[in-house]
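Here you get one chain, nothing else, as structure tokens; it is the form predicted on its own.
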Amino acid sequence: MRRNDRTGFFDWSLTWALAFILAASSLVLVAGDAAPDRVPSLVTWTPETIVAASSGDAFRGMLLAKRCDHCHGSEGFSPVTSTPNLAGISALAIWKQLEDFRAHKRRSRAMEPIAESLSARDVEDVVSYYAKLPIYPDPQDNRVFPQGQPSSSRAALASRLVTFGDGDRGIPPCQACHGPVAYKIGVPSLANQNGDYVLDELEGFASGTRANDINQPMRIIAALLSEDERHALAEYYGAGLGLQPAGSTAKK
């Protein structure tokens, strides 16, 4: 009789164990269904997408970009330090960001509806226009770039991070991805970027509120940087020091 009780107990336990496993499996399946929400970007670089991002009509893009002038400036240089400059940025880089806004992988109350209103051809043409804009000022442009020069100590701090990174913390040099003069094809240019915008994006990556970086390089790096380092880098690029080889701005 005791053996039968024990057998009944094991049968009951096995039933609940199986029920628990099935419930857990269903949760895994639900999580699997939701996984695309955690994908940072729907952009995949293929010969087709590279051609799409590189072959727009710049003249048509100029006409479409008139609606962008209020924020990004008529010459691609914004009059507001917290708004990004777009002039001269690689077409591949701008194309990816617009596609991420369209897919809601990069969040912005202003940019998501604007990007959604553009057709695929519109995006190709607009990025072609901005990529071809000159980066040198002329009498019509109302840019706020460059901002004031940072102190020598903060410039030196930023310069070390740009040139060498910090191996002890696993931080690579900024120029490894963004280029030795803050420009590289396919990567967001920092050579002519407004400082407050750079700071906002670094803080967004650090907090995870911006999460459209494939393989998370910027989220990891920005989170490893101290607040003072993020400010120093923003001031460095906002002052136009990214246009110089990083080593030349280091404190002597």
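Computed from a predicted model, the values in this text were never measured in an experiment. The numbering used is simple: start at 1 and walk along the sequence shown.
Quick note: we don't show the form predicted in complex with a small molecule, though the next part is all about it.
Shown without its partner, this chain lists His178, Arg154, Arg143, Arg102 as candidates; in the predicted bound form, only His178 has a non-hydrogen atom within 4.5 angstroms of the small molecule. When the small molecule is considered in the predicted bound form, only one residue from Ala52, Ala206, Val187, Met62 comes within 4.5 Å through any heavy atom, namely Val187. The small molecule is not shown here, but in the predicted bound form it comes within 4.5 Å of a heavy atom of Pro84.
In the predicted bound form, Ser159 stays away from the small molecule, with no heavy atom inside 4.5 Å. Proximity of Leu233 to the small molecule in the predicted bound form falls within the 4.5 Å heavy atom cutoff.
Under a 4.5 angstroms non-hydrogen atom cutoff, the small molecule in the predicted bound form has Ile114 among its neighbouring residues. Put simply, Ala182 and Val144 spread apart in the predicted bound form: their C-alpha atoms are 3 Å or more farther than in the form shown. Relative to this form, the distance between the C-alpha atoms of Ala182 and His70 is increased by at least 3 angstroms in the predicted bound form.
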